[in-house]
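Coming up are structure 1 and structure 2: the same protein chain in two forms, each one given alone as structure tokens.
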Structure 1
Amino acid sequence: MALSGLEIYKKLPKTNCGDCGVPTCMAFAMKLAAGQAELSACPHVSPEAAEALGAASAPPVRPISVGAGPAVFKIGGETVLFRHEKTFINPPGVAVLVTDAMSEGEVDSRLKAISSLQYDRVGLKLKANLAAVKSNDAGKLTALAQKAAGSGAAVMLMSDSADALKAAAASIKDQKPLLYAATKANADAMGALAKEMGLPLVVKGEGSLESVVALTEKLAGMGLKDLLIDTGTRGIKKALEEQVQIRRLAIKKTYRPLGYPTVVFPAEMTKDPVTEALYASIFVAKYGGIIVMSDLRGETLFPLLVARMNIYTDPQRPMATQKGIYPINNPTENSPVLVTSNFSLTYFIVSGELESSRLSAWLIVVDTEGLSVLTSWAAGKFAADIIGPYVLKCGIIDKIKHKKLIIPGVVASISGELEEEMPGWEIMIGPREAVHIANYLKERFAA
């Protein structure tokens, strides 16, 4: 259970020295209880109190690092149930399942897809994170593990046999593979293996939270800290309910036996690839830690990775596109020039409309600190004295033969000032809404 502000206060020095940056110990205690301060800010707290408080103030969902080197990624560490309450922090890892029942070709194509199906978007690299390799045979699992280790992704080793896991894990131990899974039948052996090798371990329940808790409490008792949870459920309705309850219990009750990231298996929930992707998107929104897919295909993987990026975007920070000149549909020296803000959504919508218009154009994105056109205009960041100088020096002059600039219709009022900033240029007032850009350009620039 989380400690209340009063319980924390009792363990503090109660000197009100203010060294922590908060005027009184009581106020500091309240901040600690709300998760808004770190105990380390208090230089005077006794070691005993620090230990007691430290255990209580550990994150409600344990943060866990998976993999090593460039493949490493973090899951867990979440603090809210709804992204608008703060933000979701560590996006779930997307895994592809590879088993000893697959042909070599099937295995290779899946592993290759991890590196070949990567996408650049708003300065981020969207990609799958993990190869999940499965066999109960030590030799086969080791062979698959070594192949997977060469894929550039992190590896989850899946087996019912602790011996097979041990052999495979030893063969790729520098990759810090994730071990799957401790069950009721083998928890002692799996726990001992994970402890010996210092690797994170997934527990697999029998379709109930109780069966999971029995395992996590036992393994925590053995001294294991980095655990993950597969409840064993493979129906979407019950799986959603469990994900919600696990996260709620962890965050609202600081219930440690369920305070771990989860592993979910759309791969084992349906045979239809689109439905599998939809299930995966449910787990993106509702608290999955690692999402295991049966295959990676561009037509379903790309939407899933975009969904993950969207849901895990920090709602407190505006999304910004890099300022600069964006050529659309191979523009020429006669193509029109449009200017807009660097709010990502604005950029996406304007560039999307331009692209689908099939007309060529130059789109200049001005740095408005991630604010939309109207908001940045109101804040003085989409003003003539910022737009004018930027357009003149950004390099567009070398690319075009005309001197016409189209501004968004909502900021028509700055056209006069802009003409002063850009002598010799014609400032044209574009449509108010991006959806009308295509028609606007067709009417005025049709060849």
Structure 2
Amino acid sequence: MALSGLEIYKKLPKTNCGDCGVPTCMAFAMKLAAGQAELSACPHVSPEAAEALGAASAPPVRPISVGAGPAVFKIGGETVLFRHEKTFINPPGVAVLVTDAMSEGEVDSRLKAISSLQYDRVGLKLKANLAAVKSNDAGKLTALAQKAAGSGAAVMLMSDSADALKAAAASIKDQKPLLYAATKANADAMGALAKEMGLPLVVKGEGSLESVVALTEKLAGMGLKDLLIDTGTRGIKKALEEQVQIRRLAIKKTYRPLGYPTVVFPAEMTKDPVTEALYASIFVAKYGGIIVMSDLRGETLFPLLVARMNIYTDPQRPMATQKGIYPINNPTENSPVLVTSNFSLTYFIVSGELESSRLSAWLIVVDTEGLSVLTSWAAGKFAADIIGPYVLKCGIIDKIKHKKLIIPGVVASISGELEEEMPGWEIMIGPREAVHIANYLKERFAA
């Protein structure tokens, strides 16, 4: 039975140390009661209290780590149905399917795509996370597993044979692969294997939540905790309905037999790559834990990864770049100086335009609490009395011989106030759109 915040608080150390990331133990207890925090965040809780509070304070969707080393990623741990209620926590992993029916060239191509199709966006590395290798032959599965382990991604081993899974898992045991899948027919053998090797295990139902519950309860009774759910459904409408039902029952009803991350297979729902990407995007929003694709193509993978990034960005904490002076293309003392906000997307768009122009410049980023230029201006956070003092004290004066500052064209109205804040400086009004920065600089600063 779930405990109240006050009941949990009574078992905490009551130090109010803040080491858990929450100012007080009472506030931490309330977060635990709401399933919005993990007990492991408190480094001072006693073993006795940890045992008593463990189940009551666990997130409604169990957090599970897949892979090891640089390839590790975490799924689950979710506490809300809708992103605006708080935030989604751990983005779903994107996997590419590789089978023993494919030619060696096709296998190599799909595994190579994991490392080659990676994208830098707003300071983040966007990429696929997992190679799902499939075979019922122990030798073939082991060969595929070893090849996949060298791709730089985590590995999901897929087979109906526990013996094949055991052989393949043993060959890459340091990679901590994910095992797929325990079914009604082989649950005992798969459960014993997962327990013996200490690896997470996917349960595969027969197209119904009832069949999934029977498996998760049985495996939990065997002492397994790190489980994932594949309902077995391969139709988009029913699969989506099941994802919503699983999340709703786990969070609203704290129904532990369904409190696990899910695995979905757009790869097996359609043969059209565009439709597959569309299905995958649906599961990014509702509520896939691992999304298995038939192949990785730049034209479909990139928008999918961007959608994942956007959905799993905390809406209460905009992505922000650290304030400071950013040199672009080895600037000199005569290079122009521009100022912008610290909204990450704004920074990377502006810096990207500067870099591609091949013109050197100094870019000053002002702390606007992660808001864009126009939004922060409207909120009074990109104002003359903030920009002026920061530019004067940030150290840019020691790097340049001139006193010219370029401000975004959308906030041209603050130029007069800035001149008052920065006596002796020339405030230049730049373009309204970042795409025009290169031409603007070439016209005014090119030698």
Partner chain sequence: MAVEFVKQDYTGKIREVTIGAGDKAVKVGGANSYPFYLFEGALPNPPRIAWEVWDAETDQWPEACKEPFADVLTDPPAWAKKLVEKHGAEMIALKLVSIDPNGKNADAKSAVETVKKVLAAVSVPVLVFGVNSVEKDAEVLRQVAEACEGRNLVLGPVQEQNHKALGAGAIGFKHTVLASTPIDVNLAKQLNTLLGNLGVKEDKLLMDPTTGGLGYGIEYTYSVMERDRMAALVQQDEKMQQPLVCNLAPEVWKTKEAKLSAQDDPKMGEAKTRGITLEAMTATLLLLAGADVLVMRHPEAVAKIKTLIKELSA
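All values reported here derive from a predicted model rather than from experimental measurement. The term rigid core refers to the maximal set of C-alpha atoms that superpose within 1.5 Å between the two forms. FYI, numbering is relative to structure 1, first residue = 1.
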Legend entry - Chain form predicted together with its partner chain: structure number out of two: 1
Inset, instruction - Verify the C-alpha shift of residue 255 between structures 1 and 2: is it 2 Å or more after superposing the core? - result: no
Legend entry - Shift of residue 353 between structures 1 and 2 at or above 2 Å (CA, core fit): yes
Legend entry - Displaced residue check between structures 1 and 2: residue 67, CA, 2 Å or over, core reference: no
Legend entry - Per-residue Cα shift, residue 344, between structures 1 and 2 [Å; core superposed]: 4.3
